[in-house]
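One chain comes next, on its own, written out as C-alpha cells in the form predicted alone.
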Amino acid sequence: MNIGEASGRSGLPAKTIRYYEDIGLIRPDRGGNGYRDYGSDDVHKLRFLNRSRSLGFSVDECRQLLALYEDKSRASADVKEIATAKLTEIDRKIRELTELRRTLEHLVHACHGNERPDCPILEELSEG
C-alpha cells in the first residue's frame, strides 16, 4: 500500500511516517518504481508508535519499546521498567504543573484587575 493508505490506516500523517522511516523505526519495502510499499506489519508498527507517542513516550523510548515488542524472548520486566520511568516522569510534571497553577492562581486573586497600575502579577514577574 502507498503512504496515503498507510497514513489512513495508522492514523499518522504521511510526514510523520516519512520521519519514522528516516530515523529507522520502520523500513517499508520499495516497489520496482522506487515508491514505498507498506505492508500490514508496517501499519501495525505505525499504530504501535502512534499509541506509544500518545502515552507520552519519547521517540527513543518508542524505539526501545518497539524492539522489545519484536523480541519474543523479552522479559516483561524490561517493558515495565520503561513504563514505570515514564510514569515517574509524568508524576513529576504533574507536581510541577500543580505548583505553577497554585502560584498563578494566587497572583490572579491578588490582582484587583482595575484601572490602577498596581499589579501583583507584574511585581512577582519582575522580582523573578
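Only a predicted model underlies this, so the values are computations on that prediction, with no experimental measurement involved. Note that residue numbering begins at 1 and tracks the sequence as displayed.
Not pictured, yet referred to below: the form predicted together with the DNA.
Classify Arg53 as contacting or not contacting the DNA in the model of the complex by the rule of any non-hydrogen atom within 4.5 angstroms, answering yes or no.
Yes, Arg53 is a contact residue.
Contact test in the model of the complex: Arg92 vs the DNA, heavy atoms, 4.5 Å
Close contact is absent here: in the model of the complex, Arg92 is far from the DNA, nothing within 4.5 Å, heavy atoms only.
With a cut-off of 4.5 Å between heavy atoms, is Asn33 one of the residues that contacts the DNA in the model of the complex?
Heavy-atom contact with the DNA at 4.5 Å: present for Asn33.
Arg9 within 4.5 Å of the DNA in the model of the complex, heavy atoms:
Arg9 lies outside the contact set for the DNA.
Quick one: find which of 83 to 91, 25 to 33, 39 to 47, 98 to 106 has residues within 4.5 Å of the DNA in the model of the complex by heavy atom distance.
Going through the listed ranges, the match is 25 to 33.
Just to make sure I understand: among 37 to 65, which residues lie within 4.5 Å of the DNA in the model of the complex, judging by heavy atoms?
Counting only heavy atoms within 4.5 Å of the DNA in the model of the complex, the contacting residues of 37 to 65 are Arg53, Ser58, Val59, Asp60.
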